[in-house]
Each structure stands twice: as structure tokens, then as C-alpha cells.
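One chain follows as C-alpha cells, the form predicted on its own.
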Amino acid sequence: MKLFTSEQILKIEEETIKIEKIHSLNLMERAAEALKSQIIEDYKNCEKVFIFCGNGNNGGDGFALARLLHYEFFNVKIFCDLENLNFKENAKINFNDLKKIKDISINDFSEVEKFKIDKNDLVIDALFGIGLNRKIEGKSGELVNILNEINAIKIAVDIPSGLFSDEITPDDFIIFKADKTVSFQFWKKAFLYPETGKFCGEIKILDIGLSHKIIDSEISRNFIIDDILIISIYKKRNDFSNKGNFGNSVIIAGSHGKIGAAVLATKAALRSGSGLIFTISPECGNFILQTSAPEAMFINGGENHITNIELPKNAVCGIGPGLGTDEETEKCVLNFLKNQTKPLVIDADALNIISKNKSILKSIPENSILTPHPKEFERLFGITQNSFDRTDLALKMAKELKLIIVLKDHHTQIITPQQDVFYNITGNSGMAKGGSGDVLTGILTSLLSQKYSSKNAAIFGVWLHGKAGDFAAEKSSKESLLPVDLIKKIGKVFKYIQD
């Protein structure tokens, strides 16, 4: 799915209206119908609905929604600025239609505190949409502050009011804090970053029938990783294949006290389909690895930490989990990286070693995959003001170094040298535990060894990792989820794709 700017979305809406030869009011009605259906699905037992409407198209959506919910026997109350009824055309039409329905009360923003709003009631924000480019002030600002203090179920229409769609919103801005954002047709960039996504709650995207022809022709370098993209990447196995067809994965990981990282990466690589798995680890981890992952072959890389790396033929390498940063290991890793010619996966302590020896970055083979979390990225490439800026810097470095950068976060981003950004929307907070990144390294290495391109291995691997986490959380909980649970669910993810 393409990710568009607010300007592009408005253009797509306008072009859809022209192509289909409909009035813009019809598109607003589609949006309201989709909203109504979603609310009935999620909150059919809710008795009272409080809808807060602005003067623009977002308010028009709210007015239309109020009418439709009333017809479905919801107790609906509308709030708007009765001292300033300077509505846009479609909002005005829907407002006038609403006035004809005597059972719907229309109230001023200032009256909100006169109403008893319970925790199971719906508060719906239809104040400002994606076109907002200023701070909410005056009555609207006071209202949002009041709504944020109310203990009720809070829904934002298209985007939480006060939030910029395409960029960081200043810290001092007033923003509606939603439990759920029900958005039309597309994700917005603001949903995907921690500083702005925290206002959005759960995201639900509703199809309102915008022209696929226009969407396909509109250019974007930003994408959401969805099932359609994954199915296009996935390589189905040939029934007459053998282990030699699926590559040799080599996991270079572990040190005394951190052999678990090597085990997790190795097991993840095994579960992800690689034909042969070798693990280069220190001798102190031999027994643990051989008993934990008997399907993998052990290669001695030192006594208590890695001091020597000897690769088998045709190896595709993942390096970093649990390596430590011992002086001998550092020297060994730097020497290893200087002499590589094939793309590899670089994670964890390998990244920390590189961050102390940044000149080595230019020696890393093109299309290698780097997987830094925010702090590792900062050590590698420098401090940024916010996560939006971090993406911009990652784009610059990916192009300059010709590397794939996997920016690990709640919505991990895969950034290519061609300046494409792929946002992952699988995964959950239960994966925020030590060891989850080691599992990702194993998955990525395995896919790369199976001759997925670096870009596709990164996209598929990050999505698979997150999807396994979602399946694991469904079985137990986010709190109790362990990295080993991700590995156990990899098979279920492949079944999901095949089915």
C-alpha cells in the first residue's frame, strides 16, 4: 500500500470525483457510511454518542455520521461552534440536514461540561482533518483539552485533531488523544512514528472507494507493508527441491554469558527455511548450541569470545548477536568485514564495533542489511532531533553507503539505497524484550541465503518477525511473550501466507 502526503490524498479524492462524475458530497457520504458500519461493528452496545464537529470536511463527516447513527437508533448528540457557523459547502449541507431531525440535539462547544459522559460512551472527534497546518487555539483548543480529560471511548475521524499528517507536530500543540483512529483509504505518516502515533491509538483503515487507477498512477516512495506485497515477494517451494536449493546460512554470534543470542538467531534461521545452518561461536557455547539446535553445525570461533571466523563455501552471513566488544573480537570482526564481497546481515554488537570504527562502513558490501535500534543508529550515524529526522538521516546514509537500513521501532522502517521507505505494521509491544532482535537477525540471514534480494529479504523478514509476534501474543499475552515464542510461530506465519 502506498503512503501519501495529505496533499496527494486530497488530489486523489478530487480526481476520483472527476473520473466517477460524482459530487464531493457523495464521497463524504461514503466515508460516513464506512464510519457508521465500523462503529456498529465495534460498539453496537454503546448507548450514547457525542460527536464534535468542526466547520470543514471533517466536521461534514461528523454531521453525516450523526444522521446515519441516529437511523440505527443510537442516542446521538452533536457539538459545534454555534457562534461561528461558517461551514464549508458539504459540511453546511449535512449540518442543515441534521437540523431537520428533531431527536438530535445540537449544542455549542461550551456546553460539553453540562453533559454526563460515561466511560462506555463514545466521544467522536470530527473537528479538524488532514489539512490542518496550524495550532488549535480558542474554543476548539479549550474543547480538546476538556475532551482529553473525559473518561470515555475516544474515536478520531481520519486523524486526531491537532496532529499534522506528514511531519512532526510541535510539543506545545493541543492534540486530541484517541483510543482509536478510523482513517479513510490510507495510512498517514503521523500514525507510524512514536512522537505522533501515541495520539492515535488503534488504527483502522476504511476503504471508501477512491479510484485505484489514480492511486496506481500517483507516485510515492513510501509504502506500508501489507499482505499483498508479502504475497508478491514470497517464494513457494518446489516439491522437487533439496537442501542445496535453499542456501547456507552462517550465524556469527555469542560470547561467554551470551550464547543465548546465538541460539535464538540460529533457531530462527532454521525455522525460516534455510537449507543448511552453521553457527560460528566460541567453544564455551558448543554444548549449549549442539543441544539446543542439533540441526545446525557448530564452527569454533574462539574460546570465550570470537577471535577467528572461517566461513564454509557459499555462505550468507548474519553477524552480531551477543558477540560482545572484546578487543580481540573487535579486531576479528573488522578484518572479517573488510574482506566480504557478498551482502550480509549486521546487527547488535557488530554494529557497536562499527560505530567505534566508522571508516569500515565504506567497506561493507553493497546491499548488506543493517538492523540498528534507535540508540545503535545514533552511535552509527549521529543524534537526530526526532524519529522523523532519523528517517531522513537513514535515507541519506542508505543512499551514500548503498546499504539497506532496517530502523527498528514500533513501526520498523526498511530504507533502501533507492530512497524507498517501507513501514511495517505487524508486531506488538510484547516483542520489546532482549532477544527479539536476535530472532530477526536469524530470519533475515535465512531469507538472504534463499536468494531473496536484500530489499525483499528485509521487507519479508521484518513483516514475518512481527506477524509471528502477533500470533504469539494472541496465544498468551504481550507481557509474557518471549523471543523463543516468536520462533515457534514462524511456521504459522508461513501457513498464513500459503492459505
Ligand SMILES: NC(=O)C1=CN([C@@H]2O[C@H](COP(=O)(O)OP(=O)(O)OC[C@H]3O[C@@H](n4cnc5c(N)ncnc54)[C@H](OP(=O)(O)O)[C@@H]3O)[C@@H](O)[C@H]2O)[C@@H](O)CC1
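Fair warning: this is a prediction, and the values are worked out from it, not measured in the lab. Sequential numbering from 1, following the sequence displayed.
Beyond the structure shown, there is the form predicted in complex with the ligand, which is absent from this document and is the topic of what follows.
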item	value
Segment assignment from 207-215, 290-298, 251-259, 67-75: heavy atom within 4.5 Å of the ligand in the predicted bound form	207-215
Selected contact from F191, F184, F176, F422, since only one has a non-hydrogen atom within 4.5 angstroms of the ligand in the predicted bound form	F184
Listed residue that, although the ligand is not shown, lies within 4.5 Å of it in the predicted bound form (heavy atoms), from R379, K402, K180, K88	K88
Contact flag, I130 vs the ligand in the predicted bound form, heavy atom cut 4.5 Å	yes
Proximity of I225 to the ligand in the predicted bound form, heavy atoms at 4.5 Å	no
Partner contact for E13 in the predicted bound form: the ligand, 4.5 angstroms, heavy atom	yes
Partner proximity in the predicted bound form: N58 to the ligand, non-hydrogen atom cutoff 4.5 Å	yes
Neighbours of the ligand in the predicted bound form among 469-490 [non-hydrogen atom within 4.5 angstroms]	none
